[in-house]
Structures are given as C-alpha cells and as structure tokens.
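Take a look at this single chain in structure tokens; it is the form predicted on its own.
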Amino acid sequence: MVDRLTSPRFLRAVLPAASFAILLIAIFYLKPRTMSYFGLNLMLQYTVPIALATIAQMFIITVNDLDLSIGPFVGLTACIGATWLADTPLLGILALAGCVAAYAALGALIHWRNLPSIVVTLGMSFVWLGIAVLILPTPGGTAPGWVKWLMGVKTPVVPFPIVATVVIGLVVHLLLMRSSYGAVLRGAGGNPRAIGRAGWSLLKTKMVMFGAAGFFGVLSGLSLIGLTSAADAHIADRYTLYAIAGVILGGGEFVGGRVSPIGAVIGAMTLTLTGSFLTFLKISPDWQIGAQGGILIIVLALRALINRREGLV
C-alpha cells in the first residue's frame, strides 16, 4: 500500500489536486474569511470560462497541436454573444455555429497541408481579433438574459463555479477517456500511424478535435459575458496562456493523447485561485502574470522529478 502511494504514477496523478489544495490552504491561512460559500464563489467565479477554454486547448494538444488563438476566439464569440445573439438570436446562433465550423476547417487545413499549427493558429488569432473589433469596436453590448441567469445560479452547499467545473471535467472525461471513439481520438495524437492502419480517418479525427475545441471556445465566450454582462474584443486575450497553463498544470503533456480532462479543470481552478492568492499577497497586477508563470515552473519541476524517479525505478 505504501509503495503504491509513493509510486511515480500515483504522485503524478495527484500532483494537480495537491497543487490546488496547497494553494487553497495558503489562501485560507492568509484570509480566513474566504473559507465560506461566499468567499469561494467570489474567488472562483471566473473558473467556468477559463475551464472551458482549457478544455478547448486540451483537445488541440491531444492531437499533437497547439492553439495560440483560443483567447481571441473566445473574445470573438463573446462579442457575437453580446450583440447578435442578444439582439437577433437566430443570426447569433448561425454565427456561433459558423465559428465552430471554421475551427473544424482549420484542423482540416493543418492536416491536409501538413502545416505547423502554431503558425496557423497565431495567424488566425489576428483574424479572430479583427472580426471581433468589426462586430464590437468599443466595449459594450449585453449578455442574453438566459446566459446571465445560468451563470448566476446559486447551488446549495457548494458554489456553482465548483459544481459546473466538476461537471465539465467529468463529462469530457467520460467522452474522451472512457469511450471507444475517445480512444481513437487520443490515439490519433499518440500513434497516428496505427490509427490510420486501423482504417480510421486522421483527417476526420483532426476535424472532430478542432471542432470540439471551437465548441468549447464558444461556451467559454458565452459563460464569460454571463459574468461580465458585456463584451470586448480583448476580453479574453490572456486565455490563450491560461488555457495552455491549465492543461499542463493538470497533467497534460505536449505529446499526443497524454491529457487529463479532470486534471485540466483542476489546473484551471488553480490558475483562478492564483490570482486571488497573489492579490492577497499585495502583488501588483502587472507582476501577477509572471508570478503565475513561476508557479507553473515549480509544478513542472516537481513533475520532472517524478518522471525522473519513474525512469530510475
């Protein structure tokens, strides 16, 4: 039993949850009043959009790619949600569906022409941002009533952001990690030749994963305006870094198929808490992004030590 609890595989699996727990304990120590329903709800209110963007990035990383445009894309969907979806629902739904289709087409282009996803998605980040500015040149708009209602739900005992994030992680875990087609999708990143020899279309799997990323990016944008009640083309610029960091903090690796949906949402929650923790330490917002990077480096260093130990066993 002791050997199992100290095994590298077990330590690597619990590292995301342990990082979150340590940070939460530190916050409770600094600000005991946060140890309440209201305190947790306030600190974690932006967890849902960040978790959704993290899951979107996780789908891309699963197939050995990296998306540098998820932040501007979330901003674009937020602008569509706060304007067209609120004023002309049918037009808004069609526009958001078009965004998901465009993401799937992006995956097809990357696979078909064998293009580096980093370069393609970096270029698309300017496209998404430009369209968002055309739709909403200045901050404004209004979130649809049903979106604000959903993001304002008060669940008993446990705050809604925690409940919603856990549900998101479990649903994606079941679909990606426990289903037969999920194994194919992960295999397309881990061993694409074997998947191709088995008769599965690598082009289709790439489109499915990019389309799923687009879908969760849309959900992220809508949930974000549900909290802010308005939109801005730059509202989610940092989400690209948050999403990548969330996947890595959650145990994901830049090797296809090695991801963890539950770990990813825990990573998103950890990043959200980090902002509150650094604020309580009275660290300037200008330095907080660097401090968050430092925390990420510490977690990665711990994982490297665990992996090294596994190699020695």
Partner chain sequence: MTSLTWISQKAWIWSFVGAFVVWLATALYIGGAGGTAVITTALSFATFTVIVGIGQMFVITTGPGNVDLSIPATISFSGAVAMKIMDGSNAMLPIGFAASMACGLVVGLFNYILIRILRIPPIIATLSSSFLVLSTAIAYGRGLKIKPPPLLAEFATARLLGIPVLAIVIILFAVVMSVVLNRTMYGRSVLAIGQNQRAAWLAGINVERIRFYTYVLSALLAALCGFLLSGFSGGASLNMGQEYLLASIAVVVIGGTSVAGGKANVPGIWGAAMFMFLLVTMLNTFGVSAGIRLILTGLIIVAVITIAGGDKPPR
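Positions refer to the first chain, counted from 1. On a predicted model such as this, the values are computed, not experimentally measured, just so you know.
What comes next is about the form predicted in complex with its partner chain, which does not appear here.
**Message:** Just to be sure I understand the contacts: of Thr34, Gln45, Ser276, Gln288, which is the one whose heavy atoms reach within 4.5 angstroms of its partner chain in the predicted complex?
**Reply:** That would be Gln288.
**Request:** Find the only residue in Val153, Leu90, Leu203, Val119 having a heavy atom within 4.5 Å of its partner chain in the predicted complex.
**Result:** Result of the distance check: Val119.
**Prompt:** Looking in the predicted complex, any heavy atom of Gly123 within 4.5 Å of its partner chain?
**Reply:** Gly123: contacts its partner chain in the predicted complex.
**Asked** Can Pro139 be called a contact residue for its partner chain in the predicted complex at 4.5 Å between heavy atoms?
**Response** Outside the cut-off, so no.
**Message:** So, Leu66 and its partner chain: in the predicted complex, are they within 4.5 Å at any heavy atom pair?
**Reply:** Leu66 belongs to the contact set for its partner chain.
**Message:** If we define contact as a non-hydrogen atom of the residue within 4.5 angstroms of the partner, is Leu94 a contact of its partner chain in the predicted complex?
**Reply:** Outside the cut-off, so no.
**Message:** What I'd like checked is whether Ala21, Ala104 and Pro144 together line its partner chain in the predicted complex, meaning each has a non-hydrogen atom within 4.5 Å of it.
**Reply:** Not one of the three qualifies.
**Message:** Looking at 222-230, 78-86, 124-132, 203-211, which stretch has residues with any non-hydrogen atom within 4.5 Å of its partner chain in the predicted complex?
**Reply:** In short, 124-132.
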